[in-house]
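Encoded as structure tokens, the following chain is the form predicted on its own, with no partner shown.
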């Protein structure tokens, strides 16, 4: 089985970039899998920017891969698609400014991806499973392969290596490689969270006019109920939540301001 570990889909998320560089340096001994390492967005990595022209992790739709484009990330996506032909499992490394701990994001519902996530989440208290089945902006890199897990870690500032999170993630990543190499399986169910919607910031004339309420800040994976405060406007007005009860994730993620997402709304599910 061929396993690819990628980092740097977003060039200012240093955790994944340096995990790939470290693993290239001290490649883990494996017996049943072939490891491949990918630094996905070289120009953005060099510039320490999320992307050059367009979010690379929204550039893998069939339409984007087939059309001619002047956008660097769309052309880079074609190179990556060719590179990942024959890849059986992708572990894609990301970091977030939100208080997400170590989150295993599943973009499909295939058994091998779910199995790896369940084993890791059962062995590490700070590991959670999040299902995110695509984006309205375009397809993730995970859509190129049969099975995959995205590892999102945070809170980490953009362009920064945070040592505690780096080494915790390295430990989980090494264990993931071991699970795939030994072909370990579990039949035990496990709690996961599924993203089902988004909440935008308050706006005035289309411009941002508020921020995350202090009582919501950092409460990723907490419970959000109708009537709970979620925003504080620049007029110092509190805005309260009116939707169905949910579990907020990616609260105040810096990269999602341009996507008009203040937080994602998830619900608990069992896998």
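Residue numbers count along the first chain shown, from 1. Please read these numbers as outputs of a predicted model, since none were measured by experiment.
Absent from the display: the form predicted in complex with a further copy of the same chain. The rest refers to it.
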{"item": "Residue 259, heavy atom within 4.5 angstroms of a further copy of the same chain in the model of the complex", "value": "no"}
{"item": "Heavy atom of residue 68 within 4.5 Å of a further copy of the same chain in the model of the complex", "value": "no"}
{"item": "Heavy atom of residue 162 within 4.5 Å of a further copy of the same chain in the model of the complex", "value": "yes"}
{"item": "Partner contact for residue 143 in the model of the complex: a further copy of the same chain, 4.5 angstroms, heavy atom", "value": "no"}
{"item": "Of 222, 214, 243, 28, the one that lies within 4.5 Å of a further copy of the same chain in the model of the complex (heavy atoms)", "value": "214"}
{"item": "Region of this chain that lies against a further copy of the same chain in the model of the complex, out of 103 to 111, 177 to 185, 154 to 162, 83 to 91 [heavy atom, 4.5 Å]", "value": "154 to 162"}
{"item": "Residues of 224 to 257 having any heavy atom within 4.5 Å of a further copy of the same chain in the model of the complex, listed in sequence order", "value": "232, 233, 234, 235, 236, 252, 254, 257"}
